[in-house]
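Just the one chain here, the form predicted on its own, laid out as structure tokens.
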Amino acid sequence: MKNYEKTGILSTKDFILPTKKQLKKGVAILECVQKIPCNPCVDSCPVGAISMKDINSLPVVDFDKCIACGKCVGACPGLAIFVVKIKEDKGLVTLPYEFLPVPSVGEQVSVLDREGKNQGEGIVQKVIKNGKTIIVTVEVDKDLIMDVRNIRVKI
């Protein structure tokens, strides 16, 4: 039994990580671990960077093909896809967000890890509505891009 099956919390040991070079161009990180019939991420990718052996397999991203467009982030019904990028001394994390209030560009937010624990502060860079899912890009310390998976808007 894998650790996340006991705790309900993934760690970076549970999925394939991109290289530093790939992080500089930006890539989608698929944190999907359930083998269920689902493939919207595959269909949403305009460059064919996400594939599956069959409908019940886990999706896999080809980091070299990925253009970090983020279309898969909003397509995933499990909210399990994030786009990460290192930009100079900062990091950008694009994530699905389904809470109110919706943050605004330029707003300072708390950034949270997979357990919901505060990891510091971030600045909202972009907000896009994709159906019911809001896609938020937040600038964080570059060392946090593989840990930040949600935000908390300050009220």
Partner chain sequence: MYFRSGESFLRIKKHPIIEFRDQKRIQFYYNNKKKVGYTGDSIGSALHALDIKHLTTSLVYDSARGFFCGIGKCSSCLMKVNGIPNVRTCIAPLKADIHVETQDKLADLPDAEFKNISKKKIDVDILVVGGGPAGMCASVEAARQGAKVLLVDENQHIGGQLIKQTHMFFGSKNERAGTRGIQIAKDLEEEIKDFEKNSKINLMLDSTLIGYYEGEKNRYRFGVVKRIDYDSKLYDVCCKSVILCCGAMEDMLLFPGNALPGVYGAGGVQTLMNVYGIKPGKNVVMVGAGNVGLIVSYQLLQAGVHVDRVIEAMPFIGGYHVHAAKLRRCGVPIFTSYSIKEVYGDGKVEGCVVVRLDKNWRPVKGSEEKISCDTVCLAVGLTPSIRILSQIDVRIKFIPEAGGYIALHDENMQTTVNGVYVAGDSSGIEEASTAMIEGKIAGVSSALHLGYNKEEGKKLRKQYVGDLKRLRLGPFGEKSRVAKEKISNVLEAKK
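The structure presented is a predicted model; accordingly, all values stated were derived computationally and were not measured. Positions refer to the first chain, counted from 1.
What comes next is about the form predicted together with the partner chain, which does not appear here.
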**Q.** residue 145 within 4.5 Å of the partner chain in the predicted bound form, heavy atoms
**A.** no
Q) According to a 4.5 angstroms non-hydrogen atom cut-off, is residue 39 in contact with the partner chain in the predicted bound form? A) yes
Q.
Even though the partner isn't displayed, in the predicted bound form is residue 90 close enough to the partner chain, meaning a heavy atom within 4.5 Å?
A. no
Q) Is residue 110 one of the residues lying within 4.5 Å of the partner chain in the predicted bound form, judged by heavy atom distances? A) no
Q) At 4.5 angstroms, heavy atoms only, are 5, 77 and 100 all close to the partner chain in the predicted bound form? A) yes
Q.
Considering non-hydrogen atoms and a 4.5 Å limit, which listed residue (60, 69, 33, 47) is close to the partner chain in the predicted bound form?
A. 33
Q: Sequence order please: the residues of 125-152 with a heavy atom within 4.5 Å of the partner chain in the predicted bound form.
A: 132, 133, 149, 150, 152
